[in-house]
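One chain follows as structure tokens, the form predicted on its own.
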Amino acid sequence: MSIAETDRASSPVIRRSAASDGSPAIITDLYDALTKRGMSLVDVTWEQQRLHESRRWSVVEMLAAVDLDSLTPLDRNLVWNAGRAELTTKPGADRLERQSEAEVRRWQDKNPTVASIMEACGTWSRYWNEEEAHHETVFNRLADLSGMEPISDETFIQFRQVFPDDDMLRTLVLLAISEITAAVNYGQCQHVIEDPGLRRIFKQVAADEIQHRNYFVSFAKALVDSGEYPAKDAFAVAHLFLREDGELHGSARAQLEQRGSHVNWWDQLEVGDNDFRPEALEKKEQLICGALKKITGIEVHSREEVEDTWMDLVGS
């Protein structure tokens, strides 16, 4: 063998990355990206990092733009509720990372593509955790600066309880619907807030929640596309939220569960003297139906159709 041949044989193989050169974006067809486009987990992580960096914002700068003296009683109530609600997101992200790791080990030998989907999901959870930390901190710091009722350490710890584990597809759909609920709620809040700085915070947080929704939809779709997770489980969770007096109605429900193991923020809203609830139930319903179509390919338009489709899938 010649020296040149020896050099070629010992040189590392250079693989051209399958990652995109365009604007940062969520990989909406993750299963196809891994199985047909040849993307590696390094490629997927790079795309996650690019998008994360493009969306970073400063809590300190956002707070500096708020005129504390101009905040109305309603503004203060919205901030106080949002800060408490956002305390529950860290345990969600922590659970997602732990549960994704367990799924990686479960599928690594049986279906390596599913293992890669779960690894991509678990890796992204670090970005979700950081972005949600911005939400929690900006609202709770603003509440402190405004002299609102402080959150006790006991409440802080209570709201940090981790949700029980569930099937992975069900978990992702639940998280997607939770992000839809949060985004619509924050969007509704924007319409009644007068201070421009505070309105900008709610607008930014709502935009972040929509991005998170899109990620959860992407991971859930990849699991369904893999053929290992049935579409009926996505519809089961949607029905849990959309049914009469379901989870989507939050604290307005006639009867709230005594969960014991964890805190659902949508059960905890306190309207105060202003009696303002950011509901927009029809908009949430349509966004949930849209998410189901992206995840499963099945089109529905109402909670009644969600229930009917779920029952059909269970019986098939």
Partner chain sequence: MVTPEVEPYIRQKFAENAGLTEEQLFTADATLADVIASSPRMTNSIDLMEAFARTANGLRKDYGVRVRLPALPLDTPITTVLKTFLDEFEREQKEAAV
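Residue numbers count along the first chain shown, from 1. Nothing here was measured: the structure is a model prediction, and the numbers come from that model.
Just so you know, the form predicted in complex with its partner chain exists too; it's not on screen, but the next bit is about it.
Novice: State the residue from I193, A236, A206, M148 whose non-hydrogen atoms include one within 4.5 Å of its partner chain in the predicted bound form.
Specialist: It is A236.
Novice: If you check R76, K90, R141, R170 against its partner chain in the predicted bound form, which one has a heavy atom within 4.5 Å?
Specialist: Going through each option in turn, the one that passes is R170.
Novice: Report whether the minimum heavy atom distance between E307 and its partner chain in the predicted bound form is within 4.5 Å.
Specialist: Heavy-atom contact with its partner chain at 4.5 Å: present for E307.
Novice: Please determine whether E244 contacts its partner chain in the predicted bound form, using a 4.5 Å cut-off between heavy atoms.
Specialist: Output for E244 is yes: heavy atoms within 4.5 Å of its partner chain.
Novice: Can D165 be called a contact residue for its partner chain in the predicted bound form at 4.5 Å between heavy atoms?
Specialist: D165: contacts its partner chain in the predicted bound form.
Novice: Applying a 4.5 Å heavy atom distance criterion, does K232 contact its partner chain in the predicted bound form?
Specialist: K232: contacts its partner chain in the predicted bound form.
Novice: Where does its partner chain sit in the predicted bound form: which of 154 to 162, 215 to 223, 97 to 105, 236 to 244, heavy atoms within 4.5 Å?
Specialist: Among the candidates, contact is made by 236 to 244.
Novice: From first to last in sequence, which residues of 291 to 316 have any non-hydrogen atom within 4.5 angstroms of its partner chain in the predicted bound form?
Specialist: The stretch touches the partner through E307, D308, W310, M311, V314, G315, S316.
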